[in-house]
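Just the one chain here, laid out as structure tokens, in the form predicted on its own.
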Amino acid sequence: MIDVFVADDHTLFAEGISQALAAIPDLHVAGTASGGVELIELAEKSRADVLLIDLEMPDLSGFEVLRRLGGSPPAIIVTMHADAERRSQAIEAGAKGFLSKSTPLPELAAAVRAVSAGLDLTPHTTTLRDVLDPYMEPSLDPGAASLTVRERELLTLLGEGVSLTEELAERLYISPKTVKNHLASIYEKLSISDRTQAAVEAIRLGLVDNR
């Protein structure tokens, strides 16, 4: 799971991108900030793997935030003003990525994964999409990746609010005993202990639309 902080003074954009990223199984928006000072305070108090920073904020610019944080954690600038001059300034300040706010969500998520893995995206301009190709798919933890088709079906139903053993069995055309066996396997693979936690995991893994 990759923890991300989002900093943007446009509340609607910050909320929108946070919700979109939170719906991706291997990404977690651990915090949001409406300005540079708030982001620095957040970064000092809590851990994040990647920062997404707007350039123009009311107190400190994205450039100044980058300089003060000194490259840790790594940051991607996401801006409306993706021109060559600002790109050069962002790279000089320590950005590991420089993207337009019009970047499609799958590419933004891929950029977060790439930067989290230690890749510097700034040398790549015309070939950025090619560089991001290996990072386009979510990277699930081993437990989630090992879920069987039937276990994923069961998780989906739990995420949709179906929790009674008998109803789960009826929906999946299996016996109540088999439901319990699948649940035990799911709990072990996901390191959880009950159906409520399983429902939360179903949403995190993108099996259920939580909008």
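The structure displayed is predicted, hence computed values, not measured ones. For every residue, the number given is its place in the sequence shown, counted from 1. So that the term is clear: the rigid core is the largest set of C-alpha atoms that superpose within 1.5 Å between two forms.
The same protein has a further form, the form predicted together with another copy of the chain, not shown here; the description that follows concerns it.
- The stretch in contact with another copy of the chain in the predicted complex, judged by heavy atoms within 4.5 Å, is 161-169, chosen from 27-35, 161-169, 47-55, 176-184.
- For the candidate set Leu190, Ala14, Ala199, Leu21, a heavy atom within 4.5 Å of another copy of the chain in the predicted complex is found for exactly one residue, namely Ala199.
- The Cα position of Val65 differs by less than 2 Å between this form and the one not shown after fitting on the rigid core.
- Once the rigid core is overlaid between this form and the one not shown, Leu155 counts among the residues whose Cα shifts by 2 Å or more.
- Core-aligned CA deviation for Leu168 between this form and the one not shown: 2 Å or greater.
- The distance between the CA atoms of Ser191 and Ala109 is at least 3 Å longer in the predicted complex than in the form shown here.
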